[in-house]
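A lone chain, given as structure tokens: the form predicted alone.
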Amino acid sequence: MASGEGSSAEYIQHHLTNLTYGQHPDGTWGFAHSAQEAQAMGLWTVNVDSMVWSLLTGLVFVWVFYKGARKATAGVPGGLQNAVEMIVDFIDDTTRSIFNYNNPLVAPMALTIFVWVWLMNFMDLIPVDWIPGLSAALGIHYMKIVPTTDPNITMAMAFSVFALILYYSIKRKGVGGFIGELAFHPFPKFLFPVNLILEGVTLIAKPLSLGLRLFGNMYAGEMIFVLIALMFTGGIFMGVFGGVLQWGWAVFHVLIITLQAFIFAVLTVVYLTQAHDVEEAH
């Protein structure tokens, strides 16, 4: 654990730096050994830890729900079946209350988003030194285990939803209807340049609000856990106080990770409802 102002800053920077793979300025490919080196690699880099942990949590989601479906019974359900059915019914009821069109993709996608984002967020509840410490012992210097604290992950999900918004908007309203919706609303048609600016900003704000909201909240939560971890270097009193804070913040953070997953899923359904809503096309 860090001690002193300089080492504290290094500790924080270390825990907020991804394991990055890319092309070095000299043309060779490999892992970055510092945040500055990762920045020098430019755009064509991959945050390996974010990719690995997001895939692992996705596999956990598939495995748990597959196992729950395989063990489903018409008799007295077990604990896993109860949990899976509660989540499915909750998301299904929420989707039906918002989305009134016939599209078999929307509800399963909302379920996938909710559970997958929740699992990625849940990684923030693992003590900040456990897995990075184990990785360091194995020779891996950086290891961020919360994929949703990486804007590359959250914005990739957001722009995937945005692609579906554009697809269904054009499919339901046609190219002309979609362009008309942007150009002739909310002001009269002769003010179409103003309408295009306003509606264009509104359209682009959808993926930005999805991705940046999730990233900002989870990054802030991770930062607080890292700062609390530093308190354990301040002696017995600060260590005990840090332990109490850590427990309290973890309990409160359960609500945050659930709320952020729910918001992402619900906003996705809302945006897709708007994309299907032909009545608002002009």
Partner chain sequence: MTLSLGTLLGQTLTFIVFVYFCKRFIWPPVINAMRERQTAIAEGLASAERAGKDLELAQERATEELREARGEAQQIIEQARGRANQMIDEAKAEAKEEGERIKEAARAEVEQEMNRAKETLRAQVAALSVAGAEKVLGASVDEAKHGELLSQLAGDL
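Everything numeric here is computed off the predicted structure, so don't read it as measured data. Numbering follows the first chain given and starts at 1.
Separately, the form predicted together with its partner chain exists; it is not shown, and the next lines address it.
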| field | Region of this chain that lies against its partner chain in the model of the complex, out of 25 to 33, 229 to 237, 244 to 252, 66 to 74 [heavy atom, 4.5 Å] | value | 66 to 74
| request: State yes or no: in the model of the complex, is some non-hydrogen atom of R96 no more than 4.5 angstroms from a non-hydrogen atom of its partner chain? | output: yes
| message | So in the model of the complex, is its partner chain close enough to N217 to count as touching (4.5 Å, heavy atoms)? | response | no
| M51: heavy atom within 4.5 Å of its partner chain in the model of the complex? | yes
| message | Does any part of N195 reach within 4.5 Å of its partner chain in the model of the complex? Heavy atoms only, please. | response | no
| So which of I165, M143, A183, A107 gets a non-hydrogen atom within 4.5 Å of its partner chain in the model of the complex? | A107
| Which residues within 175 to 212 place at least one heavy atom within 4.5 Å of its partner chain in the model of the complex? | none
